[in-house]
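What follows is a single chain, given as structure tokens, in the form predicted on its own.
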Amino acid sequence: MNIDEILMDYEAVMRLALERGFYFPSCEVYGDAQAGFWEYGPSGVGLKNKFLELWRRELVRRDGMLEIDGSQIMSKSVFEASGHLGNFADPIIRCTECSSTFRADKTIVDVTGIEVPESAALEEFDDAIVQNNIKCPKCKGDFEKTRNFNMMFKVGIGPEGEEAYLRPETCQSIFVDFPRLFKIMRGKLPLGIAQVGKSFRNEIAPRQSLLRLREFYQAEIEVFCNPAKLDEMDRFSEIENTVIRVQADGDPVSMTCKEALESGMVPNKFVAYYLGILMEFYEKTGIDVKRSRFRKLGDKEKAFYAKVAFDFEVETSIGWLELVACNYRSDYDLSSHTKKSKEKFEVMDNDEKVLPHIFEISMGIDRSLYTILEHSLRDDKEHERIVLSLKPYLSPIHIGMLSLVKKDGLKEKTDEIYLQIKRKCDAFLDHSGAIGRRYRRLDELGVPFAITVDHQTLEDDMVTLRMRDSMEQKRVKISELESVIVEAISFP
């Protein structure tokens, strides 16, 4: 990065998102619009779709996983078996004076800097509030005792209002579908099953746009495995030299997956392999992985179903963000659904009958996209421009098609070239305004290449190809343009 280039912060990303159509609040024209619901505009949809295609290529197809698309509304029995109706709750406190409600853990850390894990006993929150004399941020009143608030969205099905719930995570349909999928797809352990879709959590205090939502996208992978074969991972050699940053106590330490395994930081080859391919994926998104870490969670931080857990976190201007939860769920899920449904979830692994264990890679798409935007956005003061340096294959628009002027046949020639390339890539046609200002708009939108048609084009059938990051320009033959573009925007 040039010394005159400055990385941008949350507020700059927010301005970009609103002004360039990446994302914006849902129902914003109405005063009663609820917080925690955001919508992707055209630029955001383009980035999201390309991110997911990279995810499918680098994780799903790489491992020959299956992908499903499950229902967003599921029966009460599913969440009784999963433990969500009993355990999926946040600690909340209510003011005795103004009746305002807050998350207990966030209020404590905001006032004192002390972190009490959200899974801690309720008494621990009460003790921290009393010992630090924490009052209501709105009216300085006292708080009631801490209680749990279940974050499930309840819905009524049919005229009788039969009880069901919006899913708080996409993985439960993977678990309940597992016996059928294993049978009809002729599955073999280990077997990865993936799903992309929306999940719903009734967050107490959604905030900071995409970072804490009530309706959000997840890309989840559940890998079903034989617990007796966690170190029999032939594919481990593919990633043994991949560098990951692991944190248990103290600062993150950079080490290869092989070193993480040998040091005991990672429990087995199976887990190490999936941490490795996850790191390789995020390297290709443009996130600065030197500002990342796999943070090993302690007993009080882990989800109730997790035996071993790592959070993949990335540093941003507002602190460390958890992008992916990596949980070794053991046989918790399949055992629970076996008991509740009375159906069999055991499968044959060669000649052995096995109730599979599960390793989960639960990715927050919205947070990942935010982090990509922040890590890619920079202020190029030397050239007086804002640049969104997205990887070309992730850019919502690949090519800006520009005519130098609209007269003298340049507009018609530009339109002709645009028609030739628009099915090969995402292209944007722009005839209006000074060429310098049009370049700046494309730079801010993250468009990696601009093609300009000028008077010389009419004589030599060549156009000017401008590169966003270097601002380099070169002449390219129109007949070669398609192959040049396709190569430049292809996945590595």
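Residue numbers here begin at 1 and follow the sequence given. Quick caveat: nothing in here was measured; it's all calculated off a predicted structure.
Separately, the form predicted in complex with the RNA exists; it is not shown, and the next lines address it.
Participant: Quick one: of 293, 391, 378, 367, which gets a non-hydrogen atom within 4.5 angstroms of the RNA in the predicted complex?
Facilitator: For this set of options, the contacting one is 367.
Participant: Which listed residue (263, 341, 208, 71) meets the criterion of a heavy atom within 4.5 Å of the RNA in the predicted complex?
Facilitator: Spelling it out, the residue with a heavy atom inside the cut-off is 208.
Participant: Mark residue 464 yes when one of its heavy atoms lies within 4.5 Å of a heavy atom of the RNA in the predicted complex, and no otherwise.
Facilitator: Contact check for residue 464: yes, within 4.5 Å of the RNA in the predicted complex.
Participant: Going by a heavy atom distance of 4.5 Å, is residue 471 a contact of the RNA in the predicted complex?
Facilitator: Contact with the RNA, yes.
Participant: Is residue 38 a contact residue for the RNA in the predicted complex, using a 4.5 Å heavy atom cut-off?
Facilitator: Although the RNA is absent here, residue 38 would touch it in the predicted complex, with heavy atoms inside 4.5 Å.
Participant: Though only this chain appears here, would residue 258 touch the RNA in the predicted complex if you measure heavy atom gaps against 4.5 Å?
Facilitator: Residue-level check for residue 258: no, no contact with the RNA.
Participant: Choose from 25-33, 47-55, 419-427, 61-69 the stretch whose residues reach within 4.5 Å of the RNA in the predicted complex, heavy atoms counted.
Facilitator: Checking each option against the 4.5 Å cut-off leaves 25-33.
Participant: Who in 366-398 is close to the RNA in the predicted complex, meaning a heavy atom within 4.5 Å?
Facilitator: If the 4.5 Å heavy-atom criterion is applied to the RNA in the predicted complex, 366-398 yields 367, 384, 385, 386.
Participant: In the predicted complex, the Cα separation between residue 162 and residue 147 changes by 3 Å or more relative to the shown form; did it shrink or grow?
Facilitator: Closer: residue 162 and residue 147 approach by 3 Å or more in the predicted complex.
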